[in-house]
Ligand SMILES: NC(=O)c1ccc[n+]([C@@H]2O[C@H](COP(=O)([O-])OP(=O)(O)OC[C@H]3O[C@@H](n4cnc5c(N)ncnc54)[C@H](OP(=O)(O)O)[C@@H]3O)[C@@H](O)[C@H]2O)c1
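First, one chain by itself in structure tokens, the form predicted alone.
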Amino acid sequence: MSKNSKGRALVTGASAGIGAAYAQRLAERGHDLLLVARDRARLAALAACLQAEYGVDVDILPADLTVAKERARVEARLAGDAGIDMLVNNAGMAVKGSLVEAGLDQLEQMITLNVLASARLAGCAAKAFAAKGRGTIVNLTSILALAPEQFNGVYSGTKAFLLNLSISLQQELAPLGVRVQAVLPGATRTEIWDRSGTDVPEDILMEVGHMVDAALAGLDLGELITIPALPDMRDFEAYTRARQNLAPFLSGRLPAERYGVQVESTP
């Protein structure tokens, strides 16, 4: 690790877009890096650039996180490298079209990357960070976790999974000295849209650097949930209170009276 390092951050999906922007911003802040993505050449070029500009130590670990053997190498590094104290769980993909239109193999690959790989890496980080009483897990989810009507339901479902995981993990890990942040970007100018063949209106596209700067500002503020485009966080807080207010009524011994179910009395 570099002499004045603030710890090493493992960033997935780091070869371009949001992951590359996180790598640059974290290097600027003095973090050493471990960059993970499929494209070795891109990773090597980014690592060389960041090392030269910021004087931090940058390692690369090329891996396809949808492949179990390659994912296992990343998990082993995350579990075994005591210098890693931050995970930016960013790797993800989208698929064009609805559930009816999309190829099932593509949907399975998306679920594998967005859900399985993300959950396994978060789990590895949680165990490693809890054991030493410090660390930060940043999960890149999406505003579609809150607005499933707006896009492919499987994609929004994967992002809702990651949001729920983050909220639960924060409750579990905060007493152990580990921070969790869920970042919910809106549409951001990255390659994900071109790769999925999806057209996004220009007037809602946020520049990737702006999005990451807002996400890191939210992390600095101690936010569990960061929504970079949301003007007033009180709106989300009201949504959270409304959701939590349902909790006492979601499970009961008898069906709600509104369903008219005839229930025999217990002797």
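It should be emphasised that the depicted structure is a prediction, and the values quoted were computed from it without experimental measurement. One-based numbering along the sequence shown.
Beyond what is shown, the protein has a form predicted in complex with the named molecule; the following relates to that form.
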{"item": "4.5 Å heavy atom contact, G157 to the named molecule in the model of the complex", "value": "no"}
{"item": "4.5 Å heavy atom contact, L65 to the named molecule in the model of the complex", "value": "yes"}
{"item": "Contact of A182 with the named molecule in the model of the complex (heavy atom, 4.5 Å)", "value": "no"}
{"item": "Partner contact for N152 in the model of the complex: the named molecule, 4.5 angstroms, heavy atom", "value": "no"}
{"item": "Interface segment, criterion being heavy atoms within 4.5 Å of the named molecule in the model of the complex, picked from 35 to 43, 218 to 226, 233 to 241, 52 to 60", "value": "35 to 43"}
{"item": "Listed residue that, although the named molecule is not shown, lies within 4.5 Å of it in the model of the complex (heavy atoms), from G123, G97, P148, G186", "value": "G186"}
{"item": "Contacts with the named molecule in the model of the complex, stretch 84 to 99 (heavy atom within 4.5 Å)", "value": "N90, A91, G92"}
